[in-house]
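What follows is a single chain, given as C-alpha cells, in the form predicted on its own.
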Amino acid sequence: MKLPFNLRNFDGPLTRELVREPGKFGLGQVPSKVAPDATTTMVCGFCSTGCGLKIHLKDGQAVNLSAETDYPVNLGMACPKGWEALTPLAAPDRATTPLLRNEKTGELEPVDWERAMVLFCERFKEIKAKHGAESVAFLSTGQIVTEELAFLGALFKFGMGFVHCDSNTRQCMATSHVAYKQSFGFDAPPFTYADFEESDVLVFVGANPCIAHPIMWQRVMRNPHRPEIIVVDPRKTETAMAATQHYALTPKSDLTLLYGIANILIASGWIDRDFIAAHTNGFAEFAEFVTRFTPDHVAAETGIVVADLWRLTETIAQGKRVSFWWTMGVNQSHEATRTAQAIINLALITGNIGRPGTGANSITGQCNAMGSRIFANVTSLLGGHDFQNADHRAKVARVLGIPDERITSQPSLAYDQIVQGIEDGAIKGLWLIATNSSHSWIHQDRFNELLKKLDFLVVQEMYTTTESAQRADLVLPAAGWGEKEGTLINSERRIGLVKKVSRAPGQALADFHIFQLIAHYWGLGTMFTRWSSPEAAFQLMKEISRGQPCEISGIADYAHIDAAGGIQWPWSEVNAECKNPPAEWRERRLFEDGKFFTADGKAKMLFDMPRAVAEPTDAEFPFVLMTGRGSSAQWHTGSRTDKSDVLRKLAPANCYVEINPADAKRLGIGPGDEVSIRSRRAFITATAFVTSTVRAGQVFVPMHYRAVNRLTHAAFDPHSRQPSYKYCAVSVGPA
C-alpha cells in the first residue's frame, strides 16, 4: 500500500500494519520548525482571549512556558489555565492508539491505524448506501485549529458526500453569529481589546470576565479613565463585586430590561439621531415598539426598581465612549438572539459603535469558536459564504478545484436537530471530533441514552477517559494543542499561531493528518492533494476569503502572523501593500466608517416581544437553577484542566451548589451539607455553599461538574438553536 503523502509529516509513529514499507516511508515525529533549544511564542489554546505564551524548549521539546510580554492581547499576563497549558499533554490517559470496541467483551481494544481507517470508511459507507447521505453526521468543536476545521468540513461535505454537521460552538456562540449576521450583514464582532481600556462606561450583560476571561478583565483594570462598570446579572458574580453598579435582575428578564432602557433613552432624547438616520434601518418601528416597556412595567418584570432603572439608563446616556459586552448569560437563552440584538440596538441608537471604547461586543467562549463560525463549513460555507448562493458555491469550488455540484445547497441540521434525528432513526452514524457531548450537551441523560441507537459512533479525542470516548465504537487518538500547527481566531478577530512544540504520544496524530488518512482510505486522495499541510490549507483559506468581510488575502504566511503578533481580520492585499503599517494597526475595530455589511450598508434594528421561559418554577420545583463557569482554573468539561494538580487545587473537587442563606435556613441546610437537587429529568447531590451571591429562589451550579447537565432543560432559541443552559426549574432539599 503506497500512501499519497510522506508519513514523516505525521505527528506520531505509525504501526507496521499501516506502513507496509517502514524503511521507505520512515517512522517517527515530524521535525519541529522551531530551533531545538529556542524560545518561541504561540497562542494559548484554552479560551477565546488568545493570549501569547512564550514556550521554552530543550532538545526540541517544550519544557516550560511564560507569558509573552509583547503580545498585544495579554501584555505579559496569563491566567491559571495558561500557566498550566503544557500539563494536559503529559496526562496518563492520553489516547495513544486507535481503539475498537470488541463486540463480544464490550471492551475498547487497541487496533492499528490501517484497521481503524478501513473500518471507519466501511461502516460509514455502508450506512450511507443503506440510509442515504443524511444518515451520518459529525459534531465538532471550537478547540482545534482553523485549518483542521476547514479540512474536516470540506472532506465531510464535498468529499464524503454527507450533509449534516455542527459544532459545539452551537453551545456557546451560535447566538452571536446569528445576531451579528442579521443585524450587520456578517458575523462581525466589531471591537478590539484596547476598547476595554478606552471606554468611560462598560456594560457587561450576562458576562463574568473576572472568572471566565481573566485577562480581558485585567485589560479593564488597566483602563485609566475611572470608568463606570455596570454588570447586569442575577448573581453577584466576581465581576459584579468589582463593578460600580450591579443590577441583579430576575433570571431571563434581560430582554425586557434592554427594551426598557431603549424606551427611556429614546423618550428622553438621549440618542444619536444623526448616526441613526445615516447608518441604520428600522429605528421608527423600534422606537414605537419599545414604548410599551414603561419603567413601571420593566420594574415589575425584572425586579429592578424604577429609580435604579433610571440610574442605569442615565449612566449610559452620559457616557462619551460606552461599550456593551455580553457572553453566555445572553447566548444561552430561550430568546438569546433577540436579546443580543437588543444590546446591539442600544449601541446603534446611542452611536456607540466604530469608535474607540465603544461597540456591541460579544465575548467568545472557545479558543477557536470564531474559526469554527467562519471556516468550518457548518452553518456557513467556507470563508463565511452562503451554501444557498450559487455564486458562492462556484467560487469555493473554483478555488478548491472541485466540481460545483460537489457543494450542496442543502442546509445542515443544527446540533439539537441532529440529536433529534438520532431519536427519530434518521441519523445512524455519528462522528465526534474534539468534543465531549456526553458531558456537555443539555439534558445529558437523554443524549447518552440516544447514543445507544446509533449503528456506529466514532470519537476523535486526546483522552480515552472522556464520557464520550467511553461510549464509542471506535476511538481515534488525536494530538493536542502544542503537538501540531495551525491558527486560532480569538474574540477580537485576531488570527494567532499554534506551533508544534511537543511530540504527540504513541500513534496519536494531528486531526489534520487523521483527515488526510480518511481522505486516502475513502478514495479521495486526488481531491485533497492541495491540502498537503496546515499551511497549504491556510493558503486556500486566504484565496476563498477574498472579497469577504473576513478577508485575509494580505497575510503572507505563518511567519507573517508570527512576526506581527497575530493579525486581526480583515487583512487584505491593500493592507499588505503598506510596507510600514502604523503601530495602531495592531488594534483595529470595524465600522469606523459607519458602513455595515448589509446590501445598503446600514445596520438593521431587529426586535420581538419577550417570551415566557420554557420551564417556569412551580410548587413542586420552586427554584431556578442557573449554571455557568465557577472557576478561572477550570475549562468546560475538565477533560484537560483536570489533568493539572495545580488547577484541581484551585477549584472544589466535588460538585457544589450556591444557595441563598434565607433558603438554606428555611430548608434546614447548613454550609457543607449534602443536598439533593431535583429537576423533572433527574436528581443529583451537591455540597451546599451558603452565600448571598445568589438571591432567594435561585441556585447556581458550575457547569464543569458532569452531573449538572443531567438536570438542564432542552429549550432552544428559535433563531440560533442555542440551548438555554441558564434556566430550569428544580427543587432543593437535604440529601
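One-based numbering along the sequence shown. Everything numeric in this text was worked out from a predicted model, so none of it was measured.
Only in words, not in the display: the form predicted in complex with a small molecule, which the text now covers.
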item	value
Any non-hydrogen atom of Trp635 within 4.5 angstroms of the small molecule in the predicted complex	yes
The small molecule contact at Glu461 in the predicted complex, heavy atom, 4.5 Å	yes
Partner proximity in the predicted complex: Ser199 to the small molecule, non-hydrogen atom cutoff 4.5 Å	no
Proximity of Asp233 to the small molecule in the predicted complex, heavy atoms at 4.5 Å	yes
Stretch in contact in the predicted complex with the small molecule, which is absent here, among 676 to 684, 34 to 42, 705 to 713, 663 to 671 (heavy atoms within 4.5 Å)	705 to 713
Selected contact from Gln507, Thr146, Asn436, Thr379, since only one has a non-hydrogen atom within 4.5 angstroms of the small molecule in the predicted complex	Asn436
Contact residue in the predicted complex, from Gly359, Gly153, Gly365, Pro534 (heavy atom within 4.5 Å of the small molecule)	Gly365
Complete contact of Gly383, Gly486 and Gln548 with the small molecule in the predicted complex (any heavy atom, 4.5 Å)	no
